[in-house]
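Coming up is one lone chain in structure tokens, specifically the form predicted on its own.
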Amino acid sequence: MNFLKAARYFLMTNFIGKPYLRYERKRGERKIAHLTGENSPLNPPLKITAYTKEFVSSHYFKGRYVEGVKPVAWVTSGAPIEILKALGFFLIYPENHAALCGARKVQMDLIETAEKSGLSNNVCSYVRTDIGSLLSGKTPAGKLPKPDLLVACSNICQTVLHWYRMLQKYLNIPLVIIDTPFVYNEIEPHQVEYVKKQLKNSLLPVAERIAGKTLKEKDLKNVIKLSKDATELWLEILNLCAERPSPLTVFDQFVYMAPIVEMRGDKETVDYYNAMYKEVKSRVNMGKGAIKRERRRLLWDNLPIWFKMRELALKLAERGINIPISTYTYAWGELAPLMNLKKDEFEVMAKVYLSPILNRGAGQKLKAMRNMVDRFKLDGVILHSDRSCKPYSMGQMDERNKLIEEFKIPAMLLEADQNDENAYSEEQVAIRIESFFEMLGVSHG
């Protein structure tokens, strides 16, 4: 550790970052009441909303000064991060950073930079956003720390393998790839053993060498417990959205899910979701919904359209339509039961990271959607056919047809992209949504 950098990190994060972000939170809390006036179809957001921005911003603020203080790893969203956390790594998720750029509506300049460097516009918009940020040095986070290690796991898509090999070429640092076999039906013992060996024999030795320390079992157990606690709380929060009216919209959840992705395994994340659960539960007890007049309830499938969240939330709420849950947000909670603290830690991690929705068959996703329609008392499904996220979008046309024809559940395909505005047609989206409104019987407000 560089002691001068460590002193700078301590001073900047504790005496500059914390007071500034706290001040910004107070300003945000004062603004919240003005976000939704009497004429808005939305009720005011949770009070914890302003703190959410402070909490996530503090993570990125620490990242500006962490180089030389802690080892840094850039990881995919499906990577087994508990090992890295237990060794003291500071983690950055390029996918989350790309989503942040999209939500702040600064992504298109970065995408243009990446395309000018030679990346095709057919490449995932998350990749183009982050490569554009890497090449230009521009980011709404201020500055991303240079990683000492790259970790990619194939359980979300194959694109990340090419993406991280590209990052390795640019940054000239070690890359560890964890290969997770696709699960067609049930997880087989040999699949668990295969992933477990990679965690022990590929990831662990490299991570220990870069961290300059040996992994302690008690540290790993503690991180897994914190991950489990936060994940269970997130799942409980989402399950409260089965109440009518729902205390949250999916657009709220897309914001509130950030800590469960990029700060899983931290005590502060458990505290954050504890506080959120209490506030959401209070809303349920008061019978207060996220929107003022909840007439219909829908399921959202796939990633959000980050640059259009506010507009879509208002457009739906104006017709009394709420989306209280999505396959995407629920995916970050539904694996909590697999985190068995009494079993071997590496076996637990292997099972958990084999199980994400994108590493399982389309038939299992359809079954999950059907169950969510029943559990959350939903009236229909919007399937976001995401041009960038092909693994998530694959099979959606068949899923839509089965939902309509076999289960008699209204469903529509909404063609767009998570980050690329060039793949979004305002007119096409308006026409499809209006047609769906008619199908739901809410075409006249």
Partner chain sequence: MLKIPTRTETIYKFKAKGGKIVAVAPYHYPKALFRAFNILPVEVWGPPKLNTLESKAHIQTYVCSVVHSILAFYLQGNLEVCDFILIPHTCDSLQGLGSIFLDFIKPKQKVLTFYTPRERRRIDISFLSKEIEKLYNQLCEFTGEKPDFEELHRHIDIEEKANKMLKKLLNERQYLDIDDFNFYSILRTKEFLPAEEFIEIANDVYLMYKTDKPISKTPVIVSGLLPEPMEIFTIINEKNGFVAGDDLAITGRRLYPPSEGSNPFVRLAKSIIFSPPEPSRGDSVEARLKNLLEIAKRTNSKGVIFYIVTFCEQEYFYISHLRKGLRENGIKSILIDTDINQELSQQAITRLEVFLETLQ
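What you see is a predicted model; the values in this text were computed from it and never measured. Residue numbers count along the first chain shown, from 1.
Note that the form predicted in complex with its partner chain isn't included here; everything after this is about it.
S.K.: Considering non-hydrogen atoms and a 4.5 Å limit, does its partner chain approach Glu399 in the model of the complex?
M.R.: Yes, Glu399 sits close enough to its partner chain in the model of the complex that at least one of its heavy atoms falls within 4.5 Å.
S.K.: Is there any non-hydrogen atom of Ser385 lying within 4.5 Å of its partner chain in the model of the complex?
M.R.: Result yes; Ser385 sits at the interface with its partner chain in the model of the complex.
S.K.: Residue-level contact is defined here as any heavy atom of the residue lying within 4.5 Å of its partner chain in the model of the complex; does Val261 satisfy this criterion?
M.R.: Val261: no, not in contact with its partner chain in the model of the complex.
S.K.: Can any non-hydrogen atom of Tyr194 be found within 4.5 angstroms of its partner chain in the model of the complex?
M.R.: Yes.
S.K.: Within 4.5 Å, heavy atoms only, which of Ser133, Thr231, Ser154, Ser246 is in contact with its partner chain in the model of the complex?
M.R.: Selected residue: Ser154.
S.K.: Between Cys124, Val348, Leu303, Leu298, only one gets a heavy atom within 4.5 angstroms of its partner chain in the model of the complex; which residue is that?
M.R.: Going through each option in turn, the one that passes is Cys124.
S.K.: For the three residues Asn2, Lys5 and Val72, verify that every one has a non-hydrogen atom within 4.5 Å of its partner chain in the model of the complex; reply yes or no.
M.R.: Not a single residue of the candidate spot has a heavy atom within 4.5 Å of its partner chain in the model of the complex.
S.K.: For the chain shown here without its partner, which stretch in 233 to 241, 276 to 284, 357 to 365, 371 to 379 has non-hydrogen atoms within 4.5 angstroms of its partner chain in the model of the complex?
M.R.: Stretch 357 to 365 is the one.
S.K.: Would you mind checking 144 to 168 for residues with a heavy atom within 4.5 Å of its partner chain in the model of the complex?
M.R.: Counting only heavy atoms within 4.5 Å of its partner chain in the model of the complex, the contacting residues of 144 to 168 are Ser154, Cys157, Gln158, Thr159, Leu161, His162, Trp163, Arg165, Met166.
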